[in-house]
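Consider the single chain below, provided in structure tokens and representing the form predicted on its own.
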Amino acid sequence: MSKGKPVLWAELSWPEMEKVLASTDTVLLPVGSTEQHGRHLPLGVDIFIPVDIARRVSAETGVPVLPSVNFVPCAWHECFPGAISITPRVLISQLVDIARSLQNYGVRNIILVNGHTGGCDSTLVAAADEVLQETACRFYIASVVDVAADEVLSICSSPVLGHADEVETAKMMAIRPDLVHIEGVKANDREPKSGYLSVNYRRKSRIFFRTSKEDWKALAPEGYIGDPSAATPEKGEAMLSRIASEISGFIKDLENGHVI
């Protein structure tokens, strides 16, 4: 497979797949949720974003992109119509089974591009532990809010970055502008009253907590936290490009044995 365009697992025949896997033991697996993102964004934001990033990385590195995992734990968003949540145990089992299959073809490195970010990071870490114990593979978790975080934050002007905010809105403007509708959307800078807790990526919580449906309704009556109106497609493109570049650099170091 020539570089310059993404290598999509689901579009290949088995002979084509055989050729791809002869040249790499690494794959990309986008993981995202199906959940509400305010009135201005679609339910698939956390899927669209990691899929786009994975395709960019694949085009740069030649590493194939697996079909995305579209359902993860997100029960706290079920206070709005449309969210589909599964239990952590189900997600872990699915990911371990995927790794079991991939090891049959010589895959050893699975890079999870996590679009649900803090919503399933802990579950992905638990899955990574089981994968290490039960398969010949290893998970590397690339959360889209952690990779190139300093650069992404520097692009944004909003003081609060939480959910369906400037970051996600800008990225969606770059990926699927037809699905973005920010007319009349105003900033929501609400935060938990406690100085220990935060839903703002600019100010991390000092105590880990998981929001409930009731928490979300109180903090985000319209389903978002931050200022979507500050987003532009140019900001989104800059963020996506920087994140993809960093993951591509990691893959090159991984293949050259320069990571561990």
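Position 1 is the first residue in the sequence shown; the rest follow in order. From a predicted model like this one, the values you see are computed outputs, not experimental measurements.
Form predicted in complex with another copy of the chain: not shown, discussed below.
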- Even though another copy of the chain is not shown here, does Glu237 get within 4.5 Å of it in the predicted complex, heavy atoms only? no
- Message: Is it the case that Glu246, even though its partner is missing from this view, gets within 4.5 Å of another copy of the chain in the predicted complex, heavy atoms only?
- Response: yes
- Item | Partner proximity in the predicted complex: Val147 to another copy of the chain, non-hydrogen atom cutoff 4.5 Å | yes
- Query: Within a 4.5 Å heavy atom cut-off, is Gly82 in contact with another copy of the chain in the predicted complex?
  - Reply: yes
- Heavy atom of each of Gly38, Glu130 and Leu219 within 4.5 Å of another copy of the chain in the predicted complex: yes
- Note on the structure: Across 79-109, the residues having a non-hydrogen atom within 4.5 Å of another copy of the chain in the predicted complex turn out to be Phe80, Pro81, Gly82, Ala83, Ile84, Ser85, Ile86, Thr87, Pro88, Arg89, Val90, Ile92, Ser93, Gln94, Val96, Asp97, Ile98, Ser101, Leu102, Asn104, Tyr105
